[in-house]
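One chain comes next, on its own, written as structure tokens: the form predicted alone.
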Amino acid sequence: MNICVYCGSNSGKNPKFKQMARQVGRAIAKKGDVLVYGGSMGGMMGAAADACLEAGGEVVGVMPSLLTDKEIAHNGLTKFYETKDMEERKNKMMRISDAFVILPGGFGTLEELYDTLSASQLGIHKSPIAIFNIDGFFDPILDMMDRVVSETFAPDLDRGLILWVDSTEEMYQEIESFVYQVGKKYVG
């Protein structure tokens, strides 16, 4: 299985973020899966990739040309795709991935989360999306999801498109048991 990991190209100030990125990378390698990510050698992205590679795993990086120098593309990956822009990057990552894992990150990570969630709701992909809510980092998003549902912009069933996990063991349990279901979106 190809597991796409969205997370920061910076490490953030909470050391638990980078530790979890490394745990996710190692877990993917130990399971014999492939880590797909944004291609950076820095921050949480680099930590996840390095941990996966160190554990004998395969890592696929996808990075647009404009970021190859800024984010310093990782040169030790199993495979690297250079794209023309961010849109092509996200589409490539979504096409080649069987599951998505979201760790803390910046605006790019949030954009990737929402694009992936929206694509799932529309049936563009039917893959699980697991979020590590380390120290409540994603609590505002959970609150916003509740608000979106309470205001009837999305059906309650669609909350199940996001799997909230705390450990790599739980991540795999949830991903492997995921059943894609969406509610009727367009109501009066």
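When you see a residue number, it is the position in the sequence shown, counting from 1. Since the structure is predicted, the reported quantities are computational estimates derived from the model, not experimental observations.
The protein also exists as the form predicted together with a small molecule; that form is not presented, and the subsequent description refers to it.
> Pick from Leu53, Met145, Ile134, Leu67: which has a non-hydrogen atom within 4.5 Å of the small molecule in the predicted complex?
Selected option: Leu67.
> Within 4.5 Å of the small molecule in the predicted complex, do Arg22, Ala48 and Thr168 each have at least one heavy atom?
Verified in the predicted complex; spot residues all out of contact, no.
> Determine whether any heavy atom of Thr109 comes within 4.5 Å of a heavy atom of the small molecule in the predicted complex, and answer yes or no.
Although the small molecule is absent here, Thr109 would touch it in the predicted complex, with heavy atoms inside 4.5 Å.
> Leu77 near the small molecule in the predicted complex, any heavy atom under 4.5 Å?
So Leu77 does not count as contacting the small molecule.
> In the predicted complex, does Met86 come within 4.5 Å of the small molecule, counting heavy atoms only?
Answer yes; at least one heavy atom of Met86 falls within 4.5 Å of the small molecule in the predicted complex.
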